[in-house]
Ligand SMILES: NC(=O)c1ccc[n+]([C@@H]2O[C@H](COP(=O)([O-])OP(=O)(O)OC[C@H]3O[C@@H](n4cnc5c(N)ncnc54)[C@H](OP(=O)(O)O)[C@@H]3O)[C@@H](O)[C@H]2O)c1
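Only one chain is included here, represented as structure tokens and corresponding to the form predicted on its own.
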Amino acid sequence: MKTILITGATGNVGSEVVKALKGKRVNVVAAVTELEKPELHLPADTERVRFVFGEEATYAPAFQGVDAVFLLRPPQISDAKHLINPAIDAMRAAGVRAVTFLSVQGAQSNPLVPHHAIEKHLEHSGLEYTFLRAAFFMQNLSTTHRDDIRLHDDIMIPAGNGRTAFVDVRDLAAVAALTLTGEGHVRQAYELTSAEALTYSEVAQILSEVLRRTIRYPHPNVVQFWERMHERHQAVGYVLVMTALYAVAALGKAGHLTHDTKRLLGRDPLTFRQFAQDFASVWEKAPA
């Protein structure tokens, strides 16, 4: 039976990939940073192994007996050359055959994002690879920017008036499961989006309608964004990557839509309104 290791298994994306692989004839192993810590996002029977980018002692035990890896760059890691690429080399040395890498839209031509360096390294690694170049996650608004909406009724993202292509993480995970278990995906790059590109003013309008209160998009500049992220105690490297990605949207270059998600899944992608309805409870105001 094929063994698949999921990095980032306890996060929004990785946990959905684990769920998407359940029921398939594969052995799923979740890479976690702490084995003793209970993980509410994972099914109780999920096999786990300790793995930490940058801790080379965790590499060989984690990759032993693994056939394929779902590779996800932790958001706080911006130094791909020293923290991600050596792990890729260790995969190859341990006998891993294939990697599905969660990248971002436009990574192939944007050296400012760490995904660019990871893609280049995978292309020369000797591993079979598949790139999932994902649009902006809808779930970023229910996690990273949740408190902006929940506490301040605003969306503090420096994306200007540009349109952004979104993708629901549940659709992304379903595609990842296909590439990890199916045939015909080697050396392929899929650009995963929903069927609509929205401005953040339109996002705010949809959230206002679903939540039945006014959510504003105040068109923050980069300084205002950094101030809010500083209040959230976010790492500088993480905020730098976010700023680079939002700059692409502000320049009007983040709205490209594709049919890859629909073609691969054989159905329409989930819409932003459906996402907002499904996750409405995370933005509810705390009782006074």
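If you're wondering where the values come from, they're calculated on a predicted model, not measured in any experiment. Numbers for residues come from their place in the sequence shown, where the first is 1.
Beyond what is shown, the protein has a form predicted together with the ligand; the following relates to that form.
Put simply, residue 140 is close to the ligand in the predicted bound form: some heavy atom of it is within 4.5 Å. Among residues of the shown chain, residue 188 is not one whose heavy atoms approach the ligand to within 4.5 Å in the predicted bound form.
The ligand is not drawn, but in the predicted bound form it has no heavy atom within 4.5 Å of residue 86. In the predicted bound form, the ligand lies within 4.5 Å of some heavy atom of residue 12. Only one of the listed residues (162, 158, 106, 75) places a non-hydrogen atom within 4.5 angstroms of the ligand in the predicted bound form, and that residue is 75. The single contact residue among 91, 80, 134, 215, judged by any heavy atom lying within 4.5 Å of the ligand in the predicted bound form, is 134. Between 48-56, 22-30, 254-262, 224-232, the stretch whose residues reach within 4.5 angstroms of the ligand in the predicted bound form through a non-hydrogen atom is 48-56. Annotated contacts: 8, 102 and 115 all touch the ligand in the predicted bound form [non-hydrogen atom within 4.5 angstroms].
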